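Only one chain is included here, represented as structure tokens and corresponding to the form predicted alone.
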């Protein structure tokens, strides 16, 4: 009987050793996006900064981290913050397709990316990349709740982190039966730890049924519905669905878009992309472009071999690393110009 307290003590110490150490918040670099906007919130159906003004964040998404892990490096994040003028970086953690379910060490890469974003004063989207299979309730995604609890426990005290709980649900799923119950469960798990930071919620048909989700919203605050488009495949009919969601009072964020067709090829359709970006700007909708990769597809931002490109090695005029123009694809050059508020080249 006397051994019981000692056993309980060892059990307590073991559990304590497994708990996630919270990341100690730090002041954002002066003039950085997080310094300008602070703690994000939803007000009046729009993502706003602490002062209540719209904060239409713009930035880049990684490719699946199981393929282009090399982009998560200090030089790249400095280049995205300083040269590309990004507000936000999205970390695409595929779960299927050889991703997190088979390679759980990718979680440490996500954490590295989050901390690099924080160091550079960027917002960072942690994307639970549901794609194949398309139902977030599939057994392959069983680790979602523990993953988001850990992310919230580690980084929830910072204003930087944004949680994207399901990338592109697709196939034989419905909002009422499959997606909303999952979203309710995930938002409850995150909110039990992090009461404030934004949570992004996908919808059916590869996150295009944003109007369906908006008509039957998940209860809670600072919840945002995502939409995805590719300029060569999607046009007025999808913008109509977004408008319906906005008219219903739902905040919307475009967490993935590309200059190509939906399969990554064709184009780049830059004039069609202009129409989309003008529409998003008109409605204060932020975005992240797909993708920071050298994959053989039109929507990839870079050209060359990964070991030559993903770590920018050229020093810019102000002493920070940059990707030189010959390393950028037509899509990459276009998006960089848009992020910098410059007129892109279309030829």
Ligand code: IDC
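Just so we're clear, the structure is a prediction, and the values are computed from it rather than from any experiment. Residue numbers count along the first chain shown, from 1.
What comes next is about the form predicted in complex with the named molecule, which does not appear here.
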Notebook entry, point to check: Taking the named molecule in the model of the complex as the reference, which of 63, 48, 57, 34 has a non-hydrogen atom within 4.5 Å?
Noted result: 63
Next item on the list: Quick one: from 184, 262, 272, 244, grab the residue that has a heavy atom within 4.5 Å of the named molecule in the model of the complex.
Entry: 262
Checklist line | is_contact(residue 131, the named molecule) in the model of the complex, heavy atom dist at most 4.5 Å | finding: yes
Next item on the list: Classify residue 97 as contacting or not contacting the named molecule in the model of the complex by the rule of any non-hydrogen atom within 4.5 angstroms, answering yes or no.
Entry: yes
Margin query: Check residue 290 for me: does it contact the named molecule in the model of the complex (non-hydrogen atoms, 4.5 angstroms)?
Written below: yes
Notebook entry, point to check: Might residue 168 be said to contact the named molecule in the model of the complex, defining contact as any heavy atom within 4.5 Å?
Noted result: yes
Check: Can all three of 230, 256 and 295 be found with a heavy atom no more than 4.5 Å from the named molecule in the model of the complex?
Finding: yes
Notebook entry, point to check: Counting only non-hydrogen atoms, which stretch in 89 to 97, 110 to 118, 173 to 181, 189 to 197 is within 4.5 Å of the named molecule in the model of the complex?
Noted result: 89 to 97
Next item on the list: Sequence order please: the residues of 66 to 80 with a heavy atom within 4.5 Å of the named molecule in the model of the complex.
Entry: 67
